[in-house]
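Listed next as structure tokens is one chain, alone, in the form predicted on its own.
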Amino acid sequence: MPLPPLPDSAIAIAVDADDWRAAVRAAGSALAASGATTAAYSDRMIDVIEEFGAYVVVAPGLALAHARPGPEVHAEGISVVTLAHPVAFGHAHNDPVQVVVGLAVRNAEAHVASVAELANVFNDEGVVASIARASAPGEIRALLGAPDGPVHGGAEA
């Protein structure tokens, strides 16, 4: 299963975030801007991290923020936020984070498929650093292998 479309509205480059919550909110805002979710999805992603810890920091410098499917999700979508300054999420080995990927899915099968596809991308240890240095949305799409275009079934904000 390919990654969902990654429109420019779902990408934020060199975001200033004071802490991990602000970084996750930026990823949630990008998901909402693309039409994949409502703004409330940001709070759900933060709730997951507060409940289960920093397991979302899946590789050095990379957080994969997500929450369970729910009414805040209009369509499968991803967002990418690069941070101007890395922030700590509290992970013992993979902090600090410089790239946050937001993931929104409508069902468990889509969650597994999207995580598997992202895992394939991030098997290349240089991808996170390359995304962190990217200066344009097209560079990030190319590194992830994500298509451009509107989110299918979303309600672009």
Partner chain sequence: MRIVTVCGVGIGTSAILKTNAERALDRLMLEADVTASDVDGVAVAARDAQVILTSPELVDRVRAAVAGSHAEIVVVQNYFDVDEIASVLESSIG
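Residue numbers count along the first chain shown, from 1. The shown structure was predicted, so the numbers you read here are calculated from the model rather than taken from an experiment.
Below: the form predicted in complex with its partner chain, not depicted.
Asker: For its partner chain, considered in the model of the complex: do all three of V48, L64 and L118 come within 4.5 Å of it, counting heavy atoms only?
Answerer: Every residue of the spot touches its partner chain in the model of the complex.
Asker: Would you kindly say which of V105, I131, A26, A33 lies with a heavy atom within 4.5 Å of its partner chain in the model of the complex?
Answerer: Looking at the other structure, the residue within range turns out to be V105.
Asker: Heavy atom to heavy atom, is A40 within 4.5 Å of its partner chain in the model of the complex?
Answerer: Outside the cut-off, so no.
Asker: Looking at the partner-bound form in the model of the complex, is P96 within 4.5 Å of its partner chain by any heavy atom?
Answerer: Heavy-atom contact with its partner chain at 4.5 Å: absent for P96.
Asker: Can you tell me whether A88 touches its partner chain? I mean in the model of the complex, with a 4.5 angstroms heavy atom cut-off.
Answerer: Contact check for A88: no, nothing within 4.5 Å of its partner chain in the model of the complex.
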